[in-house]
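First, one chain by itself in structure tokens, the form predicted alone.
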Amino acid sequence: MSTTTTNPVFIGMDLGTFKTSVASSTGYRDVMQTAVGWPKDHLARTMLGRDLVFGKDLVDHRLALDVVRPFEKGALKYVDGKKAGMSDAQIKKHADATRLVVEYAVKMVNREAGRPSFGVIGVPARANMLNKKFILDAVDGVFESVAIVSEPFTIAYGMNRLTDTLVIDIGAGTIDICPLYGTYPDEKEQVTLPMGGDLVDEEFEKRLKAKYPNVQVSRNMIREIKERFGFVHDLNESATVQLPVDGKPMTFDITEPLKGACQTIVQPIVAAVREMIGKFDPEFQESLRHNIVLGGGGSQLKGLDRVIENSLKEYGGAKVTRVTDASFAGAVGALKLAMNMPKDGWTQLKKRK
């Protein structure tokens, strides 16, 4: 890395499938959708008064926009674009969307002209070199220098829990499970499950419409209901909401379809955790079980911590802790890492040389 760059703004970024959170050395924080919208036609362009739309406006004007979520279902960030069935044109558009989202986020954080941006970006634990190269290419010209690291590692780093800790990071597109034992984890020791909040949303919508065929609901409504009521435990829990039928609001008990949808990710998580602990050094298995950290948006599902603890009773018990701020835990950890990063830890990007 060049030593001529002075007074950079350090930025930690959790580049999530659905939301991107950023934290900077200037004290600024923000969270936004990992998406960009293009006006569908000239009328939409005239009404919006711009060529690109980000943030809250994506929801407010979504009917007038062609919205691209570049990492939907883990595509490009975890899954190779070709294997995901994407054409070259689609891959290019998603790459453009990635760059635009990162560029927008960095501009919101670093508003001082002339100050370079150094960023640490969190990606899924098992993202391969091809996926990391995609991220590097997309952010070239936005950051002066960058480091791509495992999302679970940034969470643990921010919490000072780098020893005998198991991090479960539940995002919209992937679930990452990573053991920490005082050194940067080997890729082979980490697990990325190709599922997350998006899968829960799809399953909830399917189950809801199977039970109430006439209900009218959008994916945004589905997501909001899940975030408000989502649970996985067996305690007496109920959820009722108002949803339209032919435009008329009606009250529905959505407890059963919501619980069933949320539970779709439980067994894969439990199975992966059991397998990972079983393969770990036997002298440290107990400490690992009693230092499990839940991060990401999915960590907020009510009862998930207790379900994981109960699933490990026969293994000697466990202690599961949620991050205090699911929105910013990864970004804050990435920022902390950026501010402590040695010079040889950075990748200098080509367009800024």
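We number the residues from 1 along the sequence you see. Here the structure is a predicted model, which means the values were calculated and not measured.
Not on display, but discussed next: the form predicted in complex with a small molecule.
Colleague: Taking the small molecule in the model of the complex, would Gly16, Gly297 and Leu301 all count as contacting it (heavy atom within 4.5 Å)?
Modeller: Yes: each residue has a heavy atom within 4.5 Å of the partner.
Colleague: With the partner left out of view, is Gly171 within 4.5 angstroms of the small molecule in the model of the complex by any non-hydrogen atom?
Modeller: Residue-level check for Gly171: yes, a contact with the small molecule.
Colleague: Is Glu227 close to the small molecule in the model of the complex, meaning a heavy atom pair under 4.5 Å apart or at it?
Modeller: Although the small molecule is absent here, Glu227 would touch it in the model of the complex, with heavy atoms inside 4.5 Å.
Colleague: Determine whether any heavy atom of Asp198 comes within 4.5 Å of a heavy atom of the small molecule in the model of the complex, and answer yes or no.
Modeller: Close contact exists here: in the model of the complex, Asp198 approaches the small molecule to within 4.5 Å, heavy atoms only.
Colleague: Is the gap between Arg223 and the small molecule in the model of the complex 4.5 Å or less for some heavy atom pair?
Modeller: Within the cut-off, so yes.
Colleague: If contact means a heavy atom within 4.5 Å, which one of 311 to 319, 289 to 297, 56 to 64, 36 to 44 is the stretch that engages the small molecule in the model of the complex?
Modeller: Among the listed stretches, the partner-contacting one is 289 to 297.
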